[in-house]
Ligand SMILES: Cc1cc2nc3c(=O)[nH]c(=O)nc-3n(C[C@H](O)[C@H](O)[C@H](O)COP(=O)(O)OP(=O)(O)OC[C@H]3O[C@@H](n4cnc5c(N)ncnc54)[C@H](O)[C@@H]3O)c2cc1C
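Listed next as structure tokens is one chain, alone, in the form predicted on its own.
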Amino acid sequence: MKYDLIVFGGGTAGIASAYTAAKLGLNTLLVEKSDVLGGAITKGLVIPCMKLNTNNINTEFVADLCAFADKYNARHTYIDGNKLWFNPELLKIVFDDMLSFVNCKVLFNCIPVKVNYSNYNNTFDSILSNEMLSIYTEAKYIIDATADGKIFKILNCEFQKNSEIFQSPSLRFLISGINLNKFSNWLEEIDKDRNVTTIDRTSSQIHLSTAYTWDKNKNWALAPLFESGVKNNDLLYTDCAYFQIFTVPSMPDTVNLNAPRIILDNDESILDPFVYSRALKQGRERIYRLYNFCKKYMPGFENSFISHISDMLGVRESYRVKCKYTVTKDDIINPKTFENTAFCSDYPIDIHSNKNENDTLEYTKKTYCVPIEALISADYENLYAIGRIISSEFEAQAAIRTQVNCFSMGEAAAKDIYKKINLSAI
């Protein structure tokens, strides 16, 4: 089977690439190791997406995603103008529909076993497997959107040096059966800080957002509850590291919790499979304590229940590949212009630390840009990297790893490949 492009990894960045390439007319195959597309946004329950930067480019995929999501009532526009409050379950259907619409071929439950590069015709041949059947493919271009750089590893490409610091992972979950009217009225009464707690009653469903962290840089309205929870042995102190609640479109009695944060020892890396496995167990233990805490301390949760625990750990940073350009912290703090810009953003350097009072949220002076060269392998002209593996320093990756940026870098990579294929045909 021959393709113009094979995209490995069907998460946020990979979907954007595969959809864009197929829409442009490229013969495209998307290979996903699991049984569903979406990665963090569906399996990981990472919703809502962060608000779009109005100065961004390569946002056509996001516009199409919103239009498709509206067909399934899978989206809400929040009062702050964020159009990207999605329903993670319905998005599984939305993504299937989008890729079918542009005739993008998708292989689920498939992984790359072997990838070779041919110097003779500058193409990649690969062996894919679903444990039952092996499939031979050829492609002019490959995009690695696997989150851990699996294709780059197979091809023995260069990686960035590991950082001495690692971002803490999270494991999200949903609580359903909540009286949102009762909960929102209580929230509105105890927290007057609209930079922390907001409530949207503009639609038939109540939507809201609130938060608490163990950092003392804010006067958190929920702090007395968490302090009581620890004092009464309903919570461990480390359960209080990070707690954030969002409602979910088309789930009128449900909230999504951006919690718990998983606490690792200083010398531990989430890249270690034993550490990863233990983190999953720790996360589920914390989830049960946090759920019972909410039920006991927060009005409206009396009849609630855990309805979904994320199918994957929310890993913020892992391997970072080496491309033609490496995005630096200075590129974020003191932005520069590039001839070929992949995307623009204003999202801050956002580091979720293992240690209390050690989180970083460093805002930029203005919109920064990332060049297309940060997505093109330093070893192969027709190999691209997108998503959290983007070629960058640790601090820069902490700013550009968000979903909206992943959508745009995926779209940018597909457009660059389309341009090169057309130029080579002239």
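On a predicted model such as this, the values are computed, not experimentally measured, just so you know. Position 1 is the first residue in the sequence shown; the rest follow in order.
Keep in mind that the form predicted in complex with the named molecule is not shown, yet the notes after this line are about it.
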Stretch in contact, per heavy atom within 4.5 angstroms of the named molecule in the model of the complex, of 296-304, 262-270, 219-227, 140-148: 140-148
Contacting member of Leu383, Ile372, Ala396, Val46, with respect to the named molecule in the model of the complex [4.5 Å, heavy atom]: Val46
Any non-hydrogen atom of Ser126 within 4.5 angstroms of the named molecule in the model of the complex: no
Contact flag, Ala18 vs the named molecule in the model of the complex, heavy atom cut 4.5 Å: no
Residue contact check: Cys406 to the named molecule in the model of the complex, 4.5 Å heavy atom: yes
The named molecule contact at Met312 in the model of the complex, heavy atom, 4.5 Å: yes
The named molecule in the model of the complex - contacting residues of 248-284, heavy atom within 4.5 Å: Asn258
